[in-house]
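Here you get one chain, nothing else, as structure tokens; it is the form predicted on its own.
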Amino acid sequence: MATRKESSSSPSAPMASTGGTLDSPVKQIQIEGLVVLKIIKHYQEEGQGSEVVQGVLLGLVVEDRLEITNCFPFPQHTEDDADFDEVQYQMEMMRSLRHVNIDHLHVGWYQSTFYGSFVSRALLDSQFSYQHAIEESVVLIYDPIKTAQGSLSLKAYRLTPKLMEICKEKDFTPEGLKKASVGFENMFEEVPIVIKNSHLISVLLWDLEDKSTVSDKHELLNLSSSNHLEKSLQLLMDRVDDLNQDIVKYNTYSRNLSKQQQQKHQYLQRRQQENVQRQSRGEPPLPEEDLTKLFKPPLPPPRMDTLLIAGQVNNYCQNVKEFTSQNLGKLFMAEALQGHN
């Protein structure tokens, strides 16, 4: 039996939470082909370069499968549109869809990405707000750069239960993250996607494929990859520099903390020796002092940002690995064709 939940949350302003367990209720995502085309069309019309486009996903939950049947974009607005209310806009859109008997239940949101640059604090906060309010919520990440290379790049992510607990408690200290065993590799979980089309659409796709020219198909064998690889490596180096700066900050914090602990230990030893001398002279011991006022512990740097940077570095590495693997295959194929000729 279908389970349906409704909310008017958005990445910037989610509505009230409905709670729920942390066990992942979604094992598979089924997306209508129309939704995929709408996401691609949204980026082509409003996305330029590194500009991110976002929108709302609509559908329903059937057992452990999330069915995404429709979507609509967030409108682009400037600072001049100060009176624009995103929540009200979403409510009006879902009300209009309900009037024409289209699935209008909120099941997540989508976002485009630029060379795989989507692991950020903004995405983490937005997905936490969605997932905390609607347990089955997912975020779809559409990469137009990869899609332009010849294969659709559309992935679905959810926050892991461990990260959901950390975000609820807002304990991003090194001790809290270590206790929860949260690392960059287990912050997000990817959910498998299946794209479903009706039989009529499948027949139309077969007809369009037969009418496509041979030259268009050969574009997938293009060996020029320097621009894409160069940009990916440049972004990777930038994030590695950011990660190195965070490591330097944490090492500085560790040294300062160790130095303060030594000073505190030396201070206690001096007071103990002085109390022994005062006791031998028959004088009362020194009064107790609040050591937290004398030795204020240094504030630890935020570790969540470091984890997000490490996760983004790992994502860049995976993208470079996939891209180079595909190009190596093309090079071997080109070499074999040249040898055959």
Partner chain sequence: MSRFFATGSDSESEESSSGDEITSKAPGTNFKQSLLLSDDEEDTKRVVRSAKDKRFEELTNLIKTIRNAMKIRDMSKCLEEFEQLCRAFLKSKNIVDKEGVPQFYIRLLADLEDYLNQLWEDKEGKKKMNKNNAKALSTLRQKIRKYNRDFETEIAAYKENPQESADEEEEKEQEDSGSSSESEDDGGEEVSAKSFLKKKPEGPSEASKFLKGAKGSGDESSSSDDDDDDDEDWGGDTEESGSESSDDEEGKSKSLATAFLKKAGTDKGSIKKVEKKKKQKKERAGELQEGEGDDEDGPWEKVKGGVPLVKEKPKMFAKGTEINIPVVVKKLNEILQARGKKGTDRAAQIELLHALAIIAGENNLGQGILVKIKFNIIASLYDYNPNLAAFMKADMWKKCLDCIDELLDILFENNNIFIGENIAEDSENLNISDQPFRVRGCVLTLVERMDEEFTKIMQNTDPHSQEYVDNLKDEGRVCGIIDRLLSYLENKGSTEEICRVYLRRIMHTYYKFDYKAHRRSLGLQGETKSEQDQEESEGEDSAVIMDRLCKFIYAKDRTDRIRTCAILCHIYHHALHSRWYQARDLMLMSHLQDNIQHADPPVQILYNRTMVQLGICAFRQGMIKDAHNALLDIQSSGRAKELLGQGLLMRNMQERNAEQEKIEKRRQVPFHMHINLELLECVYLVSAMLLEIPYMAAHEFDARRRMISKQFHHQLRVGERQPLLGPPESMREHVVAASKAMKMGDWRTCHSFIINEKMNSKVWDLFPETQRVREMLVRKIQEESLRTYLFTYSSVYDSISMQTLSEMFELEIPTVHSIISKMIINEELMASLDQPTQTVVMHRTEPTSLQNMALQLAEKLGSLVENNERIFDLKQGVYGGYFNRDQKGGYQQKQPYQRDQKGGYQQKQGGYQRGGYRNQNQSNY
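Numbering follows the first chain given and starts at 1. Quantities reported herein were computed from a predicted structural model and do not represent experimental measurements.
Not on display, but discussed next: the form predicted together with the partner chain.
Given the stretches 105 to 113, 201 to 209, 227 to 235, 120 to 128, which is the single one in contact with the partner chain in the model of the complex, using a heavy atom cutoff of 4.5 Å?
In the other structure, the partner sits against 227 to 235.
Determine whether any heavy atom of V248 comes within 4.5 Å of a heavy atom of the partner chain in the model of the complex, and answer yes or no.
Close contact exists here: in the model of the complex, V248 approaches the partner chain to within 4.5 Å, heavy atoms only.
I'd like to check something about D241: if you look in the model of the complex, is any of its heavy atoms closer than or equal to 4.5 Å to a heavy atom of the partner chain?
Judged by the heavy-atom cut-off of 4.5 Å, D241 is in contact with the partner chain in the model of the complex.
Is R270 close to the partner chain in the model of the complex, meaning a heavy atom pair under 4.5 Å apart or at it?
Although the partner chain is absent here, R270 would stay clear of it in the model of the complex, with no heavy atoms inside 4.5 Å.
In the model of the complex, does Q266 come within 4.5 Å of the partner chain, counting heavy atoms only?
No - in the model of the complex, heavy atoms of Q266 and the partner chain never come within 4.5 Å of each other.
Only one of K179, R255, K170, R95 has a non-hydrogen atom within 4.5 angstroms of the partner chain in the model of the complex; which is it?
Here the answer is residue option R255.
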